[in-house]
Every structure is written in structure tokens, then in C-alpha cells.
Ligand code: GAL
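For reference, the chain that follows is the form predicted alone, supplied as C-alpha cells.
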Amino acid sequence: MRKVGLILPVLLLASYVLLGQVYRLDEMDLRGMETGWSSPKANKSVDGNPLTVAGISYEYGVGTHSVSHMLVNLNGKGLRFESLVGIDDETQGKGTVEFLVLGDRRILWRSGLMKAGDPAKEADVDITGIKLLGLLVLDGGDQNYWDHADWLMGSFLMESYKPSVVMSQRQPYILTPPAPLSPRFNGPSLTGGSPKKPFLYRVPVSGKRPMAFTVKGLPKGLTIDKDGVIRGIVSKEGKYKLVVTATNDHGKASKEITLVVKKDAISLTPPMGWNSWNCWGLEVTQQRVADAGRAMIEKGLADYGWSYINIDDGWEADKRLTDGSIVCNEKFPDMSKLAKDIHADGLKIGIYSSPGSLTCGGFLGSLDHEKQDAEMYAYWGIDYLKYDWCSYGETSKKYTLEEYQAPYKKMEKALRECNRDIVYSLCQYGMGNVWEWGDKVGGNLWRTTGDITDSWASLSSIGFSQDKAAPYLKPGHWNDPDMLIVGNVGWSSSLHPTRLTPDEQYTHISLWALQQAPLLIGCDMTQLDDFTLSLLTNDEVLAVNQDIAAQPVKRIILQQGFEAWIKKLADGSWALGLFYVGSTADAPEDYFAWDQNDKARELSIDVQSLGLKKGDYSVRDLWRQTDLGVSKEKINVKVPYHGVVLLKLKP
């Protein structure tokens, strides 16, 4: 293998000593470089290996992953930018990307489409007079799988000025008003469960505790405790109208909730809860899961309908018992006790496995042990299973519909024969258009995409491509664009605040709400700050996600960089999200906020362009929970860059 070392930069320095100063890209603050997966690495590939392209190893550079971008302030003092670019050999022949260099909104250089194995290309760019330089890696038009992109030997030749990375604006701002001290019911007016199976439901009510609860219409076999948790077993099928009343020192409130007791009447609205993966990854432990459950109660999230505490990969032992039973590793000394403690608070617990022999993390999967594992989950008291394709097959291979469905049908049969209701989450990244058939194999939800990361590139590419799956949702069956990436995340014990800007986080929650996606918090619950908590406890925004009508959302392209997502709600009103997306492959300059004018733009739209009937509509801002008056056929708003205005329109 050939190696390119320090000869080239030494020659450059010698040549440029009379012209100016050379600054290396790998020595700059890479926290300002956004990547579509993982994080950028100096002098390593994005996976942490030596930088190698087409068999040639390079001494220094930056490993990243599409879609990736970084904005550099040159202050008009730049002379040249030089770099070699290519896909790192660690992808083993996978991946396609395109590299671009932009200056003050103009494309200065582009590599054209590059494939894995292509020799590195040279970017030698005149940057004279450029104030802001953008380094961009696009995904080649085929999504960003295996797009491990390297900027090799990158350097700036500058005239009496040191270039600096432009950091994203990250000052949080809270829009959600404080909740009243008096009782307020949150969540949908609908819940359900199967007859003759354990039922557990914590009624979501915010307000000052202690609080007293009473309920009328409760069927035989159920009771409600002092915390508003309904539990027990109902034998008879039916629809039961429950009138729940909550009282504290500041007032009283009541709500009618319909309890549907019917076979498999679970997940009638999208699941809301927490999953361990986006924070702890394979370093999840029983204590960390228990801490998440306690935080769900103590921080008041359970009062808004957040209920599942889900363990992802990393809990399994290396070997089964001699009888084939699955057991936990040393990090989970007592799964039954963990489930019992979580249930005691009125919450539910989830677990993870794979239809293959191994999980994604290399732990034991459920292949040929489906019935045995399902029975163990039920014995432990598990309420939710995430079933991840992983070692069962290749993600790049095309299978027949029957082949896609086979492993999920097998586990579905095992789950439904258990004496517990277990929500069934299919995780196979959208292969074979799973949204078209996920319900037919018993899925309550199904992943429609690859894994999400805490970057705008990942969030936007996933979130704004879900319109194709939207028509297939219905009560009990939901499209899942992956977990939430707000708060402190990290996929290991090394956590960091999400790299999304506050505006991007409002976009994240708004878009998932409009799509009625399952809401699974992915951060360390014990470190929730006030801003993140405000994102997760806006009852009017969550009501859109939990709307019992389950109408599909519609995507409308308004104009370049602006989208509208609109859905009809059960009360006859409409939820409308107006998004300033900005970034498109056709307009690569929009991946960057070049100046303060990019932070927000005025938008005026005719309601008829949204597919609504001509007329006046009352308008309410759902994040601010403020009435904006009546629109006279037009809606005028200011939308932040990468942000959203989330409205409710009522004729």
C-alpha cells in the first residue's frame, strides 16, 4: 500500500512561504462540521481507521460522512484551498458521494459523482476574495449508506488571516408555556388492551401533586390507585366509557376516556416512551434503565403520556441455558425485578432482539428460539419488543415479499400466544416497502428508514421523506422514522448535547407529531434540561401526534426550501407545519446559513394552496399555545431557518 505523507505539505509550505500562511483543515475546530452519521475525525476515517482511498494511505485529513458540511470564515483573505477527496476504503466497495466547495453562495468546485474504489480527486480552488467557504459532501442521490467521505491533506493558503469554523447558533428558547398547577388531562381519549391479559394504564394528568383520582364506568377486574394508575384484567370484550376525575389543592378536572377491550387492541395511538440506544448504545445497564424510569415520573413526562421504558441491544448473555432459555448478561442481574419496579410506577418496559442468530451488537438473537424467547419476555413482564433484522440477512440484498415477512410472522405468532400484550416493533429499515405490509405480519410499528443521528442532514433526509409511507398508518399500526435525537445523546457512555440547533429540534418534534410517528426519547433522562423538557411536554403538540382519527399527513412543496405538512384532526380542524427546509441537492448553497438573513424568512400562503376550502380560518400557534386570530384566506408567518411554525386551523 502506498502512503502519502508529509512531502506534499512541506513542498507547499516552501512554495507559499512568500505568499501567506498555510492552515490545515484537520487542525480546525471540527465541532462545526456536521455529518450524516457519527462525527468527523481528524486524521482518521469516520470509523476511526487510517485514512485510505483506493489503496493509498494518507498522513492527515478529515474523515466524515454524507451529508456533511462545514462553513469556514475566510474574511476575504484566502488565496487557495487544496485537498484530495474520496470514499474511504473501509466501506469495502460501498457508497457514492459528491464533494463540493462553495464560496459566498456560489459553487467553486465539484467532484462529480464518486464511487467507492475511485482514486482520490484533487480540489485546487481559487478562494481569493471569498468571505465564507462551504465544504459539502452530498450523498450521491442514493441516500447516505456507507458514504464514508475523506477530505485528504486539506489546507488553506491565507493572506494575514487565520480561518475559523462558523459554529451553529445554539441558544435555546422555550416556546411551551408553563403548565397550570390545577389538574389538566393530557393524552388521547382512547386506550385499549386484550381481554384476559394484564392491563396497565397510567392516566396522563399534569398539575401539582398530590392528586386524588376517581373513575366511573370501570369494568370488573380493574382498579385505579392513588397515582392514577389503572391496572388489572378484564375478561369481557367491549368499549367502556370511563369518566376519570382528578383533584388537587388547585382545582378539579374530568375527562371521558374510551377503553377498548378487544383482541390485540394495543398501541391504538403511537407509542410514547424512551429507548436506551441513542444515549447508551451497547453500554446500557439495568441501573441506567431504572434511572430512566424514575426520571420519567420525577420530571413529569409520565403526566403527558410518556410510558414505555425500552431496553435496546446489549442486555443478552453470550450463551443460552442448556434448555435453550435466553438469559441476561451481568449488566442486568434481575430483569423480572426491573419490570416489576417499572410497572409499579404505572410505566411499561420494552426489550430488543433479532430474528437472526445475532443482534446488531453481536449478542444472541432469537433465531429458532422465537416461542421460547417470547414466553420468557412474558414471564419477565415485557410490554414491547423491538425486533431488528441484523444478522438475519443483508440490508443491500433484494428479497421477495415472503422472505421479508417470514421471520416477522414467526415471532408475531409467538408473541400473540403469550399471556401478555406485547407491542411489536419491526426494525428492518424500510426494506421491501414495509409500510405496505407491516400490519399483515402483526407489526404495531415498523421502521421506515435507516438509523437517525443528531445532525440536520440525517434528520431532514429521514423526516422529509416520510410522505410515501403516510397513507399506511392506522390505529394500532404506525410508521416509525426512528427515535428522537434531542437532549444528551452519544450511543455510548460519552454523551454530548444534540448537535441539532434549537430550531431544528422544534422541526424534529413537529414533524414527528404531524406524521404520528412513535415518540421514543433517545437521551439520558436524568440530564433533561428545561429546554428539552419543554419540547417533550407541550400538550397541544403531543395531541397532534396522539390524534385518534389517525389521518395521513400530506406533504406540499410551497416553493424552493419551504414545505407544508398538513393533516386533518378528529375535531375537524387541521394541523399545519410550515418548514423552512433550505437544504436541497439542487441548491447546495442552501446547506449553509450564510448570514443572519438566513435565520428566518417571511412566508405568505393561500389556504387553498394547502388543499383547504376557500374561507376564513381561526389560527392557533401550537408551540406557543396562542390564538393568532382569523386568517382572511392567507396565512402570513415568519419561519426560522431549519425551523417550523406549527399551527392549528379551524374553519
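The first residue of the shown sequence is 1; numbering continues from there. All values derive from a computational prediction rather than experimental measurement.
The discussion below concerns the form predicted together with this ligand, not included here.
*Asks:* Which pick from L74, M335, L102, C427 sits with a heavy atom within 4.5 Å of this ligand in the model of the complex?
*Replies:* Exactly one residue meets the criterion: C427.
*Asks:* Note which of F81, Y352, W306, W446 lies within 4.5 Å of this ligand in the model of the complex, where distance is taken over heavy atoms; exactly one does.
*Replies:* None of the other options qualify; the answer is Y352.
*Asks:* Within 4.5 Å of this ligand in the model of the complex, do we find a heavy atom from each of W277, D312 and G361?
*Replies:* All three within 4.5 Å in the model of the complex.
*Asks:* Heavy atoms within 4.5 Å of this ligand in the model of the complex: which stretch in 206 to 214, 352 to 360, 522 to 530, 185 to 193 meets that?
*Replies:* It is 352 to 360 that comes within 4.5 Å of the partner.
*Asks:* I'd like to know whether E504 contacts this ligand in the model of the complex, with contact meaning heavy atoms within 4.5 angstroms.
*Replies:* Outside the cut-off, so no.
*Asks:* Can you tell me whether D388 touches this ligand? I mean in the model of the complex, with a 4.5 angstroms heavy atom cut-off.
*Replies:* Yes, contact at 4.5 Å.
*Asks:* Does this ligand get within 4.5 angstroms of any non-hydrogen atom of L484 in the model of the complex?
*Replies:* Contact with this ligand, no.
*Asks:* Can you tell me if D451 lies within 4.5 angstroms of this ligand in the model of the complex, counting non-hydrogen atoms only?
*Replies:* Close contact exists here: in the model of the complex, D451 approaches this ligand to within 4.5 Å, heavy atoms only.
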